[in-house]
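As a starting point, one isolated chain is supplied in structure tokens, in the form predicted alone.
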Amino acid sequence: MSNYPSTQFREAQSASDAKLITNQVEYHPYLSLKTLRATAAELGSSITAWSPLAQGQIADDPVIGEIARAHGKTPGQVTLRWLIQQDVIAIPRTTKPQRAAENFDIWEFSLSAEEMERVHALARPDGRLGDWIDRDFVWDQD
């Protein structure tokens, strides 16, 4: 399913005999999905992040850039690694073969707990880029 906040996620699972495998939602460093990730874990489901690189905004983020330099990686690689370390599935969009290869080159490093927290701290109330989607839903506040 796609773009279900916690309340609707729970309702959908209770209405289905089949296990809901994933909830595809906007997720990137400028959004906190703490509640939704906890709901997915409770239901035995996963989160799939669309727009995981915040439509390219992470490329100029000073915090992500600093972490990237420390690991010899790009901001995109750090952001994808941040997602993977949360057990979130990431589906970054690209038309460039070299960028696709770069996106897969995230397995030989990991972020420290402090680096993970620094990226989490970038979340903000106005961080949703796809606010035009699902206007009827009441999104989780964190």
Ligand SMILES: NC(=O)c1ccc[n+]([C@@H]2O[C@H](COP(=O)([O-])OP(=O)(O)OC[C@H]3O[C@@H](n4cnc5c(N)ncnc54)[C@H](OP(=O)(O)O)[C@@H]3O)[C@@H](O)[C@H]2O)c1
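Residue positions are given as counts along the sequence shown, with the first one as 1. Just so it is clear, the structure is predicted and the values come from calculations on it, not from any experiment.
Another form, the form predicted in complex with the named molecule, is not on view; read the next lines as being about it.
Colleague: Does any heavy atom of W50 come within 4.5 Å of a heavy atom of the named molecule in the predicted bound form?
Modeller: Residue-level check for W50: yes, a contact with the named molecule.
Colleague: Consider P62 of the chain shown here, and say whether it contacts the named molecule in the predicted bound form, taking contact as heavy atoms within 4.5 Å.
Modeller: P62 lies outside the contact set for the named molecule.
Colleague: How about A54 - does it come within 4.5 Å of the named molecule in the predicted bound form, if we only consider non-hydrogen atoms?
Modeller: Yes - in the predicted bound form, heavy atoms of A54 and the named molecule come within 4.5 Å of each other.
Colleague: May I ask you to check whether E102 falls inside a 4.5 Å heavy atom distance of the named molecule in the predicted bound form?
Modeller: Residue-level check for E102: yes, a contact with the named molecule.
Colleague: Could you tell me which of 63-71, 36-44, 84-92, 113-121 sits within 4.5 Å of the named molecule in the predicted bound form, going by non-hydrogen atoms?
Modeller: One stretch meets the cut-off, namely 84-92.
Colleague: Scan 1-26 and note down the residues that get a heavy atom within 4.5 Å of the named molecule in the predicted bound form; none is a fine answer too.
Modeller: Counting only heavy atoms within 4.5 Å of the named molecule in the predicted bound form, the contacting residues of 1-26 are S2, N3, Q24.
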